[in-house]
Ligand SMILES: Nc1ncnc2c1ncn2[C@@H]1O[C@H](COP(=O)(O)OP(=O)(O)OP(=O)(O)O)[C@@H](O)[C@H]1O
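Take a look at this single chain, the form predicted on its own, given in structure tokens.
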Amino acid sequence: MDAKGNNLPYLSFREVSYSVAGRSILDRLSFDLERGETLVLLGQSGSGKTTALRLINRMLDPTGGDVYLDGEPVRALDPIVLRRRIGYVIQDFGLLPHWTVAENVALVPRLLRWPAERQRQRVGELLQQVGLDPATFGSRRPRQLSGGQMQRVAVARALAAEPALLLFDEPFGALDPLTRREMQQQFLDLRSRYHLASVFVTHDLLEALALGTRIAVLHAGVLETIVTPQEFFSVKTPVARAFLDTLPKTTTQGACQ
């Protein structure tokens, strides 16, 4: 809600463009995102998905248009302060190798100077929620974990400072299919528990359909369409149809019934 009492989306892109040396990466991208929603950015490599994600936390700044977070243009916010308000999960985990699991999860609360006891309680709570016993895993180093366990730690770390927005950059792509399915279900459980807004980058349509409340298809930096998972099966745009053609026939037939 702004100063005039108007309800505003939690996250907004308004005609956002990004170019490098005259080459367009994103072209006038616009969308809104409310708390509790997950917008999946779906597209092939080079479509601009990760660039859009990095514009949200000011790893990059737009060359046109503006990104708004809770009504404020992010370009007006201090990048470090902004990033501490946003959880960020990437495919290669990004854990600090010489820190314990507990220390990795507590990274942002520590930077925010939370009291030590509050940090300890938060770490224990989150490790339990991602399926890792704090007494067993809290003192381990990342090298002592499986890929799935490291990704669970990365998700716990992203949630540690109680952000209202999470960014996911193909976080489950390197996991085996069973672990990937478990992590997807865990993501849905955590979204429901915390009522988080999230932007999720993937090139996997099945993942997009399972996790997104809406799916935005990007192609060469342009938003081709933005629809709910249920609506996706009726979309006629070229890239969306190409993604649908990758699905088993039984999936598309069941969705259309």
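None of these values were measured; they are calculated from a predicted model. A residue's number is simply how far along the shown sequence it sits, counting from 1.
If you look for the form predicted in complex with this ligand, you will not find it shown, but the lines that follow are about it.
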Do all of Arg214, Thr237 and Arg241 end up near this ligand in the predicted complex, with near meaning a heavy atom within 4.5 Å? no
Within 4.5 Å, heavy atoms only, one stretch in 65 to 73, 184 to 192, 227 to 235, 40 to 48 touches this ligand in the predicted complex. Which? 40 to 48
Spell out, yes or no, whether the shortest heavy atom distance between Arg23 and this ligand in the predicted complex is within 4.5 Å. yes
So, in the predicted complex, is Gln91 in contact with this ligand at a 4.5 angstroms heavy atom limit? yes
is_contact(His203, this ligand) in the predicted complex, heavy atom dist at most 4.5 Å: yes
